[in-house]
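Heads up, the chain below is alone and in the form predicted alone; it's given as structure tokens.
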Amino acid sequence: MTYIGAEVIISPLGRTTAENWAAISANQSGISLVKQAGFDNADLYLSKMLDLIDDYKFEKLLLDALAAVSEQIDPAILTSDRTMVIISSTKGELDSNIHDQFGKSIAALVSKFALVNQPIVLSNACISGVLAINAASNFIQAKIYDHAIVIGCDLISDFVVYGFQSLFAISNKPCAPFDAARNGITMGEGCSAVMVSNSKETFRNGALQLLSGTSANDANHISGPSRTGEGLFRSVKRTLENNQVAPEDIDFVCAHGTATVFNDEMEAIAFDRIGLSDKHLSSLKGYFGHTLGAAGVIETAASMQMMRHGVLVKSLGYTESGTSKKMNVISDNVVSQPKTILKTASGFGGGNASLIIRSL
């Protein structure tokens, strides 16, 4: 069995997991209007850590996240040759070093925590986080490592903001995933971490079970999602089958839910094809914005917090269904003790990934 725990969330909503949980369970958003943040000094709604002013912000967040994980596990795990660190990010420290976005940060991690193994960087657009957790699980199951710590981190940069503006994909209001009035994404930044392990005794605050997931690429378009949800359908179907979990066994779906017209429609079609349309479902982009390579880790960690606290948080911004296939999108927090949660992610290039977390 593979276990997951020691979740950490650092975002505009707080520097600790407890602060982030307090905010999202109270339906508070990290999104605010940031002056002159876009191309040609346009004002944009962003989920930005305005108090993060370090020269090397990405490195700072990685160090803080791993330090927070170390407080929840036996510190000796960090220096073991049976431990791997996987970093999930799309851009790393792009603003500080365009030639090497990860080298300095990784060297700092290795030095400060005396890591034996050189961390791996996994970068595959918006599915990076879920993919990294699945990779960690695969390492554990193959007995290559006993523990793998996944850190998802991405920052808002001019490169990213201008790029999404050029695609006319950024909303002129806080994003509203799956809502009829949605009109695009809200960019976000943050950092999150989880540890995946072959031993549940290594977690001081209790472990959950990780059912390793799968990925599938439909190669539909470099930036446009499949109109039939094919890649997401195949990934979720295979994840369910590999773990002998039936659609009716899923208690909650933490969807990708970017709030673009085409992404949300694609997800609704895929979930309808799988038979998950009646399951409680939320997108967390209304709280954290779209944090790209960090999104899968942040949203998995937030889902784990929902399981621990017995509350499913509503999909912020959702009031009226805006997809052709109806889903059970949560419009008010639900008191529940979900046993099995499905987390999905979809990204540019036709990538889709999924995993399952189960309570013990």
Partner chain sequence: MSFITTYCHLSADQCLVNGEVICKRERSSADSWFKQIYKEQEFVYPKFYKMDALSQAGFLASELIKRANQGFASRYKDDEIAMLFANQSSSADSDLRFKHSYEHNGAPSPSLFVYTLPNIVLGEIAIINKWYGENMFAVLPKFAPGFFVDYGRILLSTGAKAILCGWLGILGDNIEVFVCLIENEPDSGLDFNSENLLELARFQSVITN
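Numbering follows the first chain given and starts at 1. Given the structure is predicted, the values throughout are model-derived calculations rather than measurements.
There is another form of this protein, the form predicted together with the partner chain, and it is not shown here; the text below is about that form.
Residue heavy atoms within 4.5 Å of the partner chain in the predicted bound form occur in exactly one stretch of 141-149, 257-265, 72-80, 176-184, and that stretch is 141-149. With the partner omitted here, the residue from Ile269, Leu284, Leu276, Leu122 that has a non-hydrogen atom within 4.5 angstroms of the partner chain in the predicted bound form is Leu122. Residue in contact with the partner chain in the predicted bound form (any heavy atom within 4.5 Å), chosen from Asn217, Asn243, Ser199, Gln209: Asn217. Contact annotation: His221 falls within 4.5 Å of the partner chain in the predicted bound form, judged by heavy atom distances. Contact annotation: Leu131 falls within 4.5 Å of the partner chain in the predicted bound form, judged by heavy atom distances. The shortest heavy atom separation between Gly14 and the partner chain in the predicted bound form exceeds 4.5 Å. Though the partner is left out of this view, His280 does not reach within 4.5 Å of the partner chain in the predicted bound form, counting heavy atoms only. Shown without its partner, the chain has Phe348, Gly349 in segment 312-350 as residues with a non-hydrogen atom within 4.5 angstroms of the partner chain in the predicted bound form.
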